[in-house]
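Okay, here we've got a single chain as structure tokens, the form predicted on its own, with questions on binding and movement later.
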Amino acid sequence: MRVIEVLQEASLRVYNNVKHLAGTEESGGDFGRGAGGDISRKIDIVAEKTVLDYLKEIKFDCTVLGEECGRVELSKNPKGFIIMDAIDGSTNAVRGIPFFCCSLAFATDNKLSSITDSVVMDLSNGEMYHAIKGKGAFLNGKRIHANEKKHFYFVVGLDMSGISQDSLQQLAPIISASNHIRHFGAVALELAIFARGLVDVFVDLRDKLRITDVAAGYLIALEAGGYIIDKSGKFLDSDLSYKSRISFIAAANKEFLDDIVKKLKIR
């Protein structure tokens, strides 16, 4: 079985196991803090167990890096890493806000840039995004592309939750110049809708994102033709450590990227 097929089947199983939980009292609870630092909810635990049980069932040789479970060695000779946020957008899921997903990526090495396969499953409607390095990005099997033309309605995804005053001041030129600003609460799915051309630019300068938040959406956005850089203007990359915290700027095309870099005064 190909790696992408493993990720797709795992995410489909998560969808089937948690779709009845979203928005219910049963989905919540406090199961302590996961490896990523956030409070684990029942829906998180169910989703992660679904993925881990499936990987064990098929004896997939890997090391899992999970948002809740942390590092789980499933083989003495792993082929690589499964980077898992089984429920990205847990608050949305518990509240019943229909924007949360299962985010799974496979990396051959301890680097974000070594990701070869990724899947983002929209758990509110069952839509599946996937990408294979060098082969493009897809939604339900159909090729998708980041926005290649500048629309009159310029849409910017911008996460400002808990942002510092200095970073907020840096973002002021973007905020004032944007026709529409959006933040939905699940980074992997936000990068996926960016990849299909619904959002033109996505910016997060908070230095708070973990690898598990970004990994799957990162490859999908790149394979859809998008540009992703860090806050210093370099191509986004990182090790896969839980201690790593990421900021990034994603732009659908070079024109948008140049405009955002200029507004943020990145050299």
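Since the model is a prediction, treat every value here as computed from it, not as a measurement. Residue positions are given as counts along the sequence shown, with the first one as 1.
Although it is not shown, the form predicted in complex with another copy of the chain is what the next lines describe.
Taken together, the three residues Ile97, Met160 and Asn179 all lie with some non-hydrogen atom within 4.5 angstroms of another copy of the chain in the predicted bound form. Contact with another copy of the chain in the predicted bound form, defined as a heavy atom within 4.5 Å, holds for exactly one of Arg143, Lys135, Lys149, Arg71, namely Lys149. Residue heavy atoms within 4.5 Å of another copy of the chain in the predicted bound form occur in exactly one stretch of 102-110, 71-79, 135-143, 179-187, and that stretch is 179-187. In the predicted bound form, another copy of the chain lies within 4.5 Å of some heavy atom of Arg41. Put simply, Val155 is close to another copy of the chain in the predicted bound form: some heavy atom of it is within 4.5 Å. Another copy of the chain in the predicted bound form comes within 4.5 Å of a heavy atom belonging to Asp200.
Another copy of the chain is not drawn, but in the predicted bound form it has no heavy atom within 4.5 Å of Thr116.
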